[in-house]
Ligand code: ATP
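The chain below stands alone, shown as structure tokens; this is the form predicted alone.
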Amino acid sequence: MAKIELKNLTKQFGDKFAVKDQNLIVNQGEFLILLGPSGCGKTTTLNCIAGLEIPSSGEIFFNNNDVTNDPPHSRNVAMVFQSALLYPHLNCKQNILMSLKKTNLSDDQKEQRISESASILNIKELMHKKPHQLSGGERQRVATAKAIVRQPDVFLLDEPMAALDAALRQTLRSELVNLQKKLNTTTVFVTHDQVEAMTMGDRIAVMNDGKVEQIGTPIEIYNKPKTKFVAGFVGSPPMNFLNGKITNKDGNYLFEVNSTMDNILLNKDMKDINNYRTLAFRPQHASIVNDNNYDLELKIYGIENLGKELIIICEYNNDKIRIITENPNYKINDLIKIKINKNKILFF
């Protein structure tokens, strides 16, 4: 397994920077998630690590060895793509064997590696089938076996579950994490799905506009987002944002919401953040109340019934505010009053 280090990595296509001055370390044996929206540079970063793209500038190191300009085959990297890249005229075993064609292994050693990878991924009964005879999940398992059979130093996955149905994605998430811990191979996983990122990674690197905005454990990213972008991108349902300013009236700190007469009473220890202009809170950190001790009165715009709970979507100040409740008795156009948990508020 390898430690990966990116130093001032930049990849430019014409006048557009796909990755700009990127610095990142992936520790040995770590499962790192590159998370971000389409076009943020995460796949380009992965392709540079694999050697499929040559950086415009900057350096890439594997275990302190500069591999920036090395061809892909010399890096001992294995990659799994969004679409399972299997030869349609070969059966599963023959597809997996293709990854070992250029090695110096004996036939017995190749057979042993194929058998081991098939056991790990539970695909032994598929070995004589061709790709068109497999389900989407089975094809991805075979593609994964094709990658790990090489016993690479680095395992790269580019949205390998994006085309699968929700139930199968949930199953494969735990399988991939279990596989990575068994192999202890340094792994970089690209996704735009924050649920995948939160449930799979040792650490998450949230990317935006060609750079990493924040890197940390899933809990750190969720509870302590450093930027408004990270706060809004990580979490489902998404974070609520109110724009305004903090004021001090008669010793009380208030958040005055723009374009409204609403003032939200803050905790006394809020005095050091009066330069911030956005108040943020997650949907589960506000409750619907029936008395006059409330922060905002909202009109219900939509309701998403998830069975165990409802997501109430409200119109407010030309924006949407989401609240989680277990009460099924609300209807669209109802007025509700909410109280925000002041200990969970974030400011940007």
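A residue's number is simply how far along the shown sequence it sits, counting from 1. What you see is a predicted model; the values in this text were computed from it and never measured.
Below, we refer to the form predicted together with the named molecule, which is not included among the displayed structures.
Only one of 43-51, 62-70, 318-326, 296-304 lies within 4.5 Å of the named molecule in the predicted complex by heavy atoms, and it is 43-51. Residue contact with the named molecule in the predicted complex: residue 16 places a heavy atom within 4.5 Å of it.
Although the partner is absent here, residue 38 sits close enough that one of its heavy atoms falls within 4.5 Å of the named molecule in the predicted complex. Of the heavy atoms in residue 262, none are within 4.5 Å of the named molecule in the predicted complex. By the criterion of a heavy atom within 4.5 Å, residue 213 is excluded from the residues contacting the named molecule in the predicted complex.
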